[in-house]
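First, one chain by itself: the form predicted on its own, in structure tokens.
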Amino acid sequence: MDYKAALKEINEKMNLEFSILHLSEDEVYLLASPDDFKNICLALHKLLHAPVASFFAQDARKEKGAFKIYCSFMSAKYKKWFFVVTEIPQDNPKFDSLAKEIYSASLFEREIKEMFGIEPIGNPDLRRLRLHDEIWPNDVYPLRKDFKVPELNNVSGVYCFNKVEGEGIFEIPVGPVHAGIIGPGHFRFSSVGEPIINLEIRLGFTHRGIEKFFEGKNAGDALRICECVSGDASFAHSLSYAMAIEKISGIKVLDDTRLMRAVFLELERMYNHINDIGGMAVDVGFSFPAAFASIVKENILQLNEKITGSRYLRNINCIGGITMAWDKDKTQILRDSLKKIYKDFDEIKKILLSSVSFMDRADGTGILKKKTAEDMGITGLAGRASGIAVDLRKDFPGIYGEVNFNLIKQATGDCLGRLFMRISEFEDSIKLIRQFLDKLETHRSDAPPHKSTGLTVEDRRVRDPLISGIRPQAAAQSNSDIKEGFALGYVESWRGPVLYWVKLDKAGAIERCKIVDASFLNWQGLSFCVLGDIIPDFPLCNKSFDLSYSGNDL
């Protein structure tokens, strides 16, 4: 059964009315009435066996006299992203909550209520996520078009934590300020003796109003904002956004560019995975492999700078291409460096896996069961470690479909499983980069030589990112190349999927940008995986997920 037949079955057998609002190669938008919106979402959830991937609102009161809400599901089977869309009257901004039937919708609904004032009727938890009660007054909705910054004085709100009561129960607050340079988050443990019986995580301390900041921005200018959403995934965020704009405008990206983008995406995966492997060693007091891992990470960052001019792979993507040319010297530098990096990495792996005490601490600690992960919508590496076989590089392969790429997963769902995931993906990234370089050399040998632009790193930093002027990658040449419309950009980052849904107006300015980092849903997985473990194991569990504060807080 193809997806059209499946939709027909929903339409006819379930007596649910909808129409096709928009259709592209990999996106399907279904327009539903407010009365049928929930039931169509539930039907798609059941049909696709998929959690909610994104759920957001748009202020369309000026054009439609209403708000719009979009609920999306990903289907690996049909190679499609399905969006259910409905209009919410501005004088009665409410809709039927999905949260009790589809738990992965819960946080999204809280976000919609907080940012737009649209109430999900029936959601049992509507506490704020980012506009903290102690600072922000009630009835202030930043993503409405008529939002004005309120007075933040004399606010007396209080955030209500969930309480676990009973004899012998202790409540232990940790954060939001932590040792070191990690982001701020408040962790409130309830325990009886040492075992944790509840963990509540409160975030939002680094809320910057990123999605609001995008509004009205030129499509090219906004590219650099994406790189600041979550600094450890700068390249993935900018690539996801660029892909959305390219889809809207019908800009074709050359195979050379797609190959180079994939190389950079895997380099970003590598330096983050080795950082987390070292971090897990630190959190059990195993200092030598942790120090060794920091050297390997530094070697990868120096490699990044040597071939791109940026340690964290910034200022590379532009709309339609990349801001740098590639040559044989860079290919050779990359190949030679990967040999040494792999040799050092293999030594770290041997040290860790031969340590009985380290393996004992990680084995069976922080178990996240597959069913729990599925219900919560846990994605990316954390989901695959619990047996969820989803990876956008496999499900929507693009250039990955032209090389030998195998999805990696574990079944244990514990810290050791997440460690094995990182080890395997690091090694696989090296194999993938070598395959991409082979294909890149083949492409270049068949094509006429490109003219060098002579741009320095500093030149690239100050240029208009939209007008790259670098012909090998066929970047968009002017704002006139950017068209009105909307589309979803998506990338499998090292942590998990990074989604950018972007709507552009007639002038090519951003009307709405919705960002979903894998951290948004995955923080819930951390709060569940620690249950029954002892508090001293929390740092190990936390690092095994290594989620983004800034990518969550937006």
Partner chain sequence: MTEITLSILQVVIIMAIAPLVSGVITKIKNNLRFRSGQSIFQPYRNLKKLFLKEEVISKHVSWIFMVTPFIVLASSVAASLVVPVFIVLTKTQQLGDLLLLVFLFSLGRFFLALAALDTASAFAGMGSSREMFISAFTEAVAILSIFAICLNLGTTNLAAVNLYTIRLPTIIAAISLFMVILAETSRIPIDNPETHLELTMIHEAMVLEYSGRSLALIELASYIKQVVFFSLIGTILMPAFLSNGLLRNFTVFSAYLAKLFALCVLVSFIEVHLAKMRLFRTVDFFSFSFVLALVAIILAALGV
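Residue numbers count along the first chain shown, from 1. If you're wondering where the values come from, they're calculated on a predicted model, not measured in any experiment.
The same protein also exists as the form predicted together with the partner chain; that form is not shown, yet it is the one meant from here on.
Checking 124-132, 92-100, 286-294, 223-231 against the partner chain in the predicted bound form, the stretch whose residues place heavy atoms within 4.5 Å of it is 286-294. Across the proposed site, V174, F189 and D360 without exception bring a heavy atom within 4.5 Å of the partner chain in the predicted bound form. At the 4.5 Å threshold, heavy atoms of L16 stay clear of the partner chain in the predicted bound form, well away from it.
Taking the partner from the other structure, the partner chain in the predicted bound form has a heavy atom within 4.5 Å of a heavy atom of D537. By the criterion of a heavy atom within 4.5 Å, R208 is excluded from the residues contacting the partner chain in the predicted bound form. Contact check for T365: a heavy atom falls within 4.5 Å of the partner chain in the predicted bound form. Between the partner chain and the residues R311, K370, K394, H178, the one pair within 4.5 Å by heavy atoms in the predicted bound form involves H178. Contact annotation: of the candidates E194, D336, E165, D329, the single residue with a non-hydrogen atom within 4.5 angstroms of the partner chain in the predicted bound form is E194.
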